[in-house]
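Only one chain comes next, encoded as structure tokens, the form predicted alone.
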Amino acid sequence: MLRVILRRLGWVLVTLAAVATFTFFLTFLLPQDVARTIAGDKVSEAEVERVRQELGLNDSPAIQYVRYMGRVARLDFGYSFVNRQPVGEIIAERLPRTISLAAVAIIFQLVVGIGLGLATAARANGVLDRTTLSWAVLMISLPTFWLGLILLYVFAFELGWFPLGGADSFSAIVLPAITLGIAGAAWYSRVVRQAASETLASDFVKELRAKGLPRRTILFKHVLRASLSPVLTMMAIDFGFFLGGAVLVETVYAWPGLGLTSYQAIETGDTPLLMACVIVGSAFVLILNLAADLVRTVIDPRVRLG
């Protein structure tokens, strides 16, 4: 097991190096003069050239790449062009906001998705099952930003139940979390419903019923455990994606997390900040995916790490 974990961690590092490489060379395609962005529009060309020389922008791309990868290996992402402060400080300031939003969204997905999945599996092809299927298809199909705007207009602007944006109170997290998690909750409900239905039809469950175990005990103790394995992997991917920056949701609700930071970095051409957001988001996806696989081996002994 330890050998497998170390090998997977090695691939995580290789993948992150590839992501850092891709984001670095992608910046050369952006129509932006980094030195001009830092120096400002009103300074002379001599001043712009001085900034370019200080940053090493006159060096060849290969030299710049080696220098950049060396900094990334030390977790040094440089300075933000716009905020005029180390990128690491900005990430450390914004990341907790995204973590809290992602955590609440994941809890919403799990509670709603697993609850509906078990309920519809227990009453397959009933009214609740058909209604949930229609709801799931609708939620998965709706654009996230559109749903966010609708919820914001109805519950924040018209009814005034929640703030219009920001993160100044706990209630401010409710609408962004629902917007972020509702499609996942719909998808989880169908995945759990499928897994639970297969488990309910298995010989193992038939034996438990023959022994006289209550239906509720079978459903919540045995069927639920067997149905969690696929959800855990999906949850890790979702959580990593949320931490990487749910750009549209955070932008709609002005939630000061990595997603809004990424959007602002794109809008202002702040490439060091944007590249750091991409790398941090990728790291969370990869690491949480590995963690989910490890948890799956504990919950379901049939699962083996490859």
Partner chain sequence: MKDEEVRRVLEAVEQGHLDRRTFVQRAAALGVGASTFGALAGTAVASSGAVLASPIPGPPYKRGKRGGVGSVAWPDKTVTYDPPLAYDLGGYYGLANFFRGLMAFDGKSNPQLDLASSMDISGDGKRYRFKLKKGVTFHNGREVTASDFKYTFERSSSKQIGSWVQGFLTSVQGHAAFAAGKTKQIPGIKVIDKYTLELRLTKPDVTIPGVLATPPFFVLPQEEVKKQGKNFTFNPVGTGPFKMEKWDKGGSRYTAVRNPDYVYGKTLPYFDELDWQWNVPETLEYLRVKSGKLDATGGNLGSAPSIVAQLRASKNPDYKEWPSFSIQWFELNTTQAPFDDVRVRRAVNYAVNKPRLQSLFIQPTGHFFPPNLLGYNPALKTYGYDPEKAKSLLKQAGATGVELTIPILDGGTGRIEQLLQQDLQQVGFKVKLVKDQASVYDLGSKLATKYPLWYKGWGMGLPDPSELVSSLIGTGAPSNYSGWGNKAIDKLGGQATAITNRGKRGSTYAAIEKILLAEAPFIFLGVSTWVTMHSKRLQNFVWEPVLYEHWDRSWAS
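The term rigid core refers to the maximal set of C-alpha atoms that superpose within 1.5 Å between the two forms. Computed from a predicted model, the values in this text were never measured in an experiment. Numbering follows the first chain given and starts at 1.
Omitted here: the form predicted in complex with its partner chain. The next part is about that form.
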So if I measure heavy atom distances to its partner chain in the predicted bound form, which of the stretches 164 to 172, 68 to 76, 98 to 106, 111 to 119 falls within 4.5 Å?
164 to 172
Any chance Q64 has a heavy atom within 4.5 Å of its partner chain in the predicted bound form?
no
Can you work out whether I266 and its partner chain are in contact in the predicted bound form, taking contact to mean some heavy atom pair no more than 4.5 Å apart?
yes
Please determine whether L57 contacts its partner chain in the predicted bound form, using a 4.5 Å cut-off between heavy atoms.
no
At the 4.5 Å heavy atom threshold, is L232 in contact with its partner chain in the predicted bound form?
no
Superposing on the rigid core, do we see a C-alpha displacement of 2 Å or more at V48 between this form and the one not shown?
yes
